[in-house]
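Coming up, as structure tokens: structure 1 and structure 2, two forms of one and the same protein chain.
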Structure 1
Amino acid sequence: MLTKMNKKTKRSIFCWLALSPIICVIVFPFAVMFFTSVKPRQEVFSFPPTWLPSQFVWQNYIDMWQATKFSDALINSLYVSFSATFITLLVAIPAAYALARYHFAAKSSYRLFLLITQMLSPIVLVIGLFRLIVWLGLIDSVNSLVLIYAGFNIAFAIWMLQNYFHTIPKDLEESAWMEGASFLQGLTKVFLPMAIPAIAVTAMFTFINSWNEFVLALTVLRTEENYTLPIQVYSLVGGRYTIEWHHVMAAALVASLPAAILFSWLQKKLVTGLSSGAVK
């Protein structure tokens, strides 16, 4: 027993040592964000620079929150990300189910189509996308972002979901149908509950992608009250005569928190969700 414990402890030390360089690089920007965000304004440009501030100015966060209208941007980002995720799942789940369960003529061409959409990124299409949004009359509207984020996330969502759906035994919903359940009942009562981990992981991917998207939001949104978080933070840096670095860092840190929490919470499920990816 004791030797076994020792072995694991030894291994742990080795593992942490091996990971330490990359962990340093990962933690570094967070440390920069944190320590810059609590510095008094005049210390931000002190030379030579130091990590620790002379005093921790938590007030910076309150000032930043007001000066940057952070709550508006937060609400916009939440609205866009949740709506885009919802729509993506709404259309991707049935499609993934069809691809995982049925053989049909258009199947391989549909897969190809999805692969092509996967290859395109908003930056490459930005000129055309802008015209589409104008045509819809949705310029400066966060709803245009919802629609487009959903469209761009479909391919990946379907691909993830169908890989996972493959691993759910077919007999389960089939036996439900044999027992007289309707098609929908079989799906919602038997199949979907089994698929919840995969759906959660897919949802998270879509959410993160929407949460972090930059180029389109920059092109489409016009007025500050419609800005999403990345745009709001970027606007504190781009084309300004003075940059309030302590506010920028505070905003960036707070903006990263929701996604970071989501990750630590779903980290285990994420791996199992993707692990089925090899099944072709």
Structure 2
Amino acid sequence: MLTKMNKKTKRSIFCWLALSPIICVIVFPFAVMFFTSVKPRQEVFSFPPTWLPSQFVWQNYIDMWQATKFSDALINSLYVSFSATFITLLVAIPAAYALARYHFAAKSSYRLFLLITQMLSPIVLVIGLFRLIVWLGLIDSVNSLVLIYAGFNIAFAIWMLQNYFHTIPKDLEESAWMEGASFLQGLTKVFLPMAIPAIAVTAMFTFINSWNEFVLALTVLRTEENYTLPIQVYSLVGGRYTIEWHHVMAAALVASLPAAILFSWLQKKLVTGLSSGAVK
């Protein structure tokens, strides 16, 4: 037993040592943001620069929040990202289920069409999307971003989900039907619990794509009340004669927290859904 534990410990230490350079590269930008955000203003512009602050000025976060309409931007980003994710999953789950379970004409062509849409950059469609949004009367509205983000993510979500749905045995649903379950009961109590890992990953990618998007938001939105977080953070830098970098770093760090929290929460769902449907 001790030999097995020693081998396991050595293997863990080796893995952590092998991954440490990657961890340092990933953590370094966040460390720079954090230490810059809590520095006194005079130290931010000092030369040569210092890595650590002489004192931690937590007031910078309060000043940043009050000096900008950060709360409005945070609410707008949460609304846009969650709404786009909900609409995407609402459309993508039935479509992916149909692709995985049924055979119909032009199924291969439809899958190829989904793949081709992922090769188009949103920037190529900016002019057309802008004219469409103007025609719909949704310019300078966060609802226009919800529709745009959902439209861009639906094809990606269908492609991801239908590949995973193929791996779920149909025998489990058929067993539930033979025991008297309806089609809807078999779908909700057997199939969807087993699909939780794929749905969680798809929701995470959709949320992050909507949360971080900048170009389309900058094109559609006009007034500061409707800004999302990427535009609000950019407004602290763009067109400014003097840039308050401690405020910029504080805003950037706070803006990155919701995506990190969502990822850590959904990470648990990746394991819980693997066998729950089969057990039921």
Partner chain sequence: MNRNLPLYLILPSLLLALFVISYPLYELINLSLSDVNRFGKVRGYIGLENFTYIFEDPLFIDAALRTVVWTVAVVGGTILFSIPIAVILNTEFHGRGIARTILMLPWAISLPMTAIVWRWSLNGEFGMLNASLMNVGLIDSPIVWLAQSATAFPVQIGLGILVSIPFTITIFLGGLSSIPLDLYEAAKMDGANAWQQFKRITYPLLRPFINMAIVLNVIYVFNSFPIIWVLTQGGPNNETDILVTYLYKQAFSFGHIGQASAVSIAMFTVLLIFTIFYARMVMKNEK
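Keep in mind it's a predicted model, so treat the numbers as computed, not measured. Residue indices: 1-based, along structure 1. Each form is matched to the other, and the largest set of C-alpha atoms that superpose within 1.5 Å is called the rigid core.
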property	result
Form selected (criterion: the form predicted alone)	2
Exceeds or equals 2 Å, Cα of Val134 between structures 1 and 2, core fit	no
CA of Ala105, rigid core aligned, shift of 2 Å or more between structures 1 and 2	no
Displacement in Å of the C-alpha of Ile199 between structures 1 and 2, rigid core kept as reference	2.4
